[in-house]
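One protein chain, two forms: both are listed below as structure tokens, the first as structure 1 and the second as structure 2.
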Structure 1
């Protein structure tokens, strides 16, 4: 099974990264999003990635232009997946949105097409029946800043076909990732099983007014030698994603702590503070306080 023609559904922070990385490695990519406005933002995100590829990977302008030429943009789902071997879903981390997307995708995608979710916390088995092809469905989770943090967690569910699992592993390797096989479903996979509790612990210190984000980050950086603290990481992840996770947990469990957290994150979003993508989240960019030489000095 060869996965050559790739569609990425969702041009947000990570979806745009997946699309560009895949095109950079020589694959034709169709990028789908729901509106012209969303697509315009996706194009801006992709343009903003090019300096990072020059800085970190030494990419030439010719290589970057070639990658751009391999990406086509669609707001019609049927057209976007008409010849897809693999669809990578990167739509918002909301169960109802994903369920609706897979129901529609299953109706228009060719029978050959493999579906992969890039969900950060949700399990593929939650959506397997909605796809109409549970044997051709699994999770393919990337870390943010994909060109540096090149992990690809490939997680099957009980009905995923072995050939599909292996094909997605090979695809991940072909686009420059380190494929990490998960043979059993795990909420949060490997990375987020470690990362999400860490980020939530920091957020609750903030929500409960124990300390402000800079103090929390400073504590972590000084004590562990890490280059960034949890709130700097949250700015990369994106405030919208953090809000969706908190709001989902608040709705599922009626937890007052998650409700307060979701409310504070929603207030940031209402102010246009979405993280690095908007130029401000917990820090202001391009010169955030945590990156200044005196941030962790006495």
Structure 2
């Protein structure tokens, strides 16, 4: 099974990256979005990726132009998928939108077409029946800034066909990703199954006043050789996102620990400390303390 003609559905943050990366690696790509307005934004996003490809991958203008010329834009779903071997879905992370999308897609796509969801938090088995082809459906999860963070977590659900799984692994490799097979469904895939509890453990050491963020990061960096610790990572993720997660858990479970954590993060936000994006979070940028050579010596 060769996956050659690719349709990307949704030209948002991730969809535009997936479309451009796929075209950059030589594949013809149809990009589908819901309106002319959304399409104009997708085109802008794709243009804004080009300097990154020059900077990080040394891409030439000719290569970038060739990539652009391989992308065609559609607001009609049936046309967008008429000859698709693989549809990569990157529509909003909303159950109803995805359910509706797969129901329509299942009706208009050719029988041969494989569907892959890029969903970060929803499991493929949730949509398998709506696709009308559960055996040709699985998750293909990219990380933001896929040209440098080139993981592709390929996750099957119980009814995914083995050949389909292998073909998507092969496709991921062909577009410059490192394919990472997940043989069972796992909320959060591999990365977030590790990262979320790790960041939470660090935050509770801080909230419970066991140690301060710099000491916690220092411990992790010296003991494991990692270039940064959990609080440096939280600054990249963003304090707003960390707050949303803590506040959500506090609300869901009435847990006093999460309430205290949410309050501490809210206090940071009120001071404009949003992480790297605002120039300050747990550290001050552009020259954070953890990046100084003596940080792990002192």
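In this text, the rigid core denotes the largest set of C-alpha atoms whose superposition between the two forms falls within 1.5 Å. Positions refer to the first chain, counted from 1. None of the values given here were measured: they were computed from a predicted structure.
**Q** Working through the pair one at a time, identify the form predicted in complex with nicotinamide-adenine-dinucleotide and give its number.
**A** Pick structure 2 here.
**Q** Can you give me the rotation of the smaller rigid part relative to the larger one between the two structures, rounded to whole degrees?
**A** The computed domain rotation is 33 degrees.
**Q** After fitting the core, how far does the CA of residue 201 move between the two structures, in Å?
**A** The shift comes out to 8.9 Å.
**Q** If the rigid core is lined up, how many Å does the C-alpha atom of residue 237 shift between the two structures?
**A** The alpha-carbon displacement, core-superposed, is 7.6 Å.
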